[in-house]
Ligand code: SAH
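Take a look at this single chain in structure tokens; it is the form predicted alone.
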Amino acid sequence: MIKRVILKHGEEQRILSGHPWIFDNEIQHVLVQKTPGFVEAEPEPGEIVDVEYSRQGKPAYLGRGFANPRSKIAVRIYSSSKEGADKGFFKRRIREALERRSAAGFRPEKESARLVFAEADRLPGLIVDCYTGWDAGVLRTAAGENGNPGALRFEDAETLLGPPASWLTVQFLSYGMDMRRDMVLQALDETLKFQGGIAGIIEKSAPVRELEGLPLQDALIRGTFPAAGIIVFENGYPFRVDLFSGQKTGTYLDQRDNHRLTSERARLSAALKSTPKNRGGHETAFHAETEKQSFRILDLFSYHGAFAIHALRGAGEGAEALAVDSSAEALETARLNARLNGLETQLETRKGDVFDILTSLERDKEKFDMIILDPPAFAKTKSALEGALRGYKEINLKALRLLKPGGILVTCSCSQALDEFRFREIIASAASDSGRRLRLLDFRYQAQDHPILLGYGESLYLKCGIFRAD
């Protein structure tokens, strides 16, 4: 018998607006039917429950969800109707998620993408990412033996090794989803039919599992994964990824569109910079030559160098980038990615604390044409927000002091607790304190394979502003 979760008066409004979470302090009663009526009960972790509220003195239905009395999120609603959660349900929801991505232009058999984004795809607590590519060791050897010059292309890899394979990373981040993992994996097996096949499935943990009363675990649960990692292509550019040691589920798929826009802005800015200045209509080759200066890029919190490499590919020959990160391993991968893209001589890396390096660069009077800020989430909770605001302002302020007139600032926040309005306020305040004026060129969010669900604010977490500085 399915238990009934009855909300306190007035707590239904957020749920009626589309939010899928019921918090433990919003529940009035949990009831189960016993002859001759209903009695109080506590659901088991992962149990399916029906959520109701009182409307004009009568029960009104809100939806069906997975309960977890061990978590502050006591119920995660997965349906507005009374449908079960069997293998057929998971196959149907996964197909719907794939159809949405196909309609948005994603082709997971060609390029890596997020296939399932938890509550935003009505599968609460389930993340599925698909990484499409080739064994990095095998592909690099094959490309080297064939004397492949310059940047590696998708078509080159396909010619050398045939269709790419796919590797899945899965995250079971809610108790209800974790206890149904076998059904989920079967549904994925029966739904995903890529040409190169599913070579392996890796489970990745996240701290939220501990809040659900679940252990942390990272493991290869199906198939194999190459010891050298894999090479995937993003916006046509090759990158090496390790699904075990990589951040998030391997790399930052959510930044795909922002990487591409950064590449385009670097192309436009570099072209403008290389245009000879008009001196009364009598430009000479000498004058044109003296105007040529390298287009300089600074990529802070660079991780594997995706922003820097996209900017270098956009800016073209002669551009140079400095990638800064605190991880020596990440910077080693960034250098490898530069080689894969034919940019080995154009990318310099520097290990250290970003704030300290920014201070050092300012002291040395360094200047850059494009600065990219993609820090980790300074505020993972609302309680940490005030300290995070100071951190975001400081890095933007320091970066603006290093930006040349007419330079491009690409600045990001992946802190869900920091909303877009306050993020823009921080950037404006940093610009004011640095004596600069910024013009907004573009403002974007996460890529569309990480859908934003209205009414569920937690699904919008990534903000990316692109500005031109006076």
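Note that residue numbering follows the sequence shown and begins at 1. A quick note: this is a predicted structure, and the numbers were derived from the prediction, not measured.
The protein also exists as the form predicted in complex with the named molecule; that form is not presented, and the subsequent description refers to it.
- With the partner left out here, the named molecule still marks one of 215 to 223, 294 to 302, 199 to 207, 96 to 104 in the predicted complex; by a 4.5 Å heavy atom cut-off that stretch is 294 to 302.
- The shortest heavy atom separation between R114 and the named molecule in the predicted complex exceeds 4.5 Å.
- Within 4.5 Å of any heavy atom of the named molecule in the predicted complex lies no heavy atom of D129.
- For the chain shown alone, Q171 is not a contact residue for the named molecule in the predicted complex, no non-hydrogen atom being within 4.5 angstroms.
- Contact check for D353: a heavy atom falls within 4.5 Å of the named molecule in the predicted complex.
- This chain appears without its partner; in the predicted complex, the one residue of Q195, S326, T141, T359 with a heavy atom within 4.5 Å of the named molecule is S326.
- For the options Y78, Y252, W167, F90, the residue carrying a heavy atom within 4.5 angstroms of the named molecule in the predicted complex is Y252.
- Within 4.5 Å of the named molecule in the predicted complex, a heavy atom is found for every one of H259, F307 and P376.
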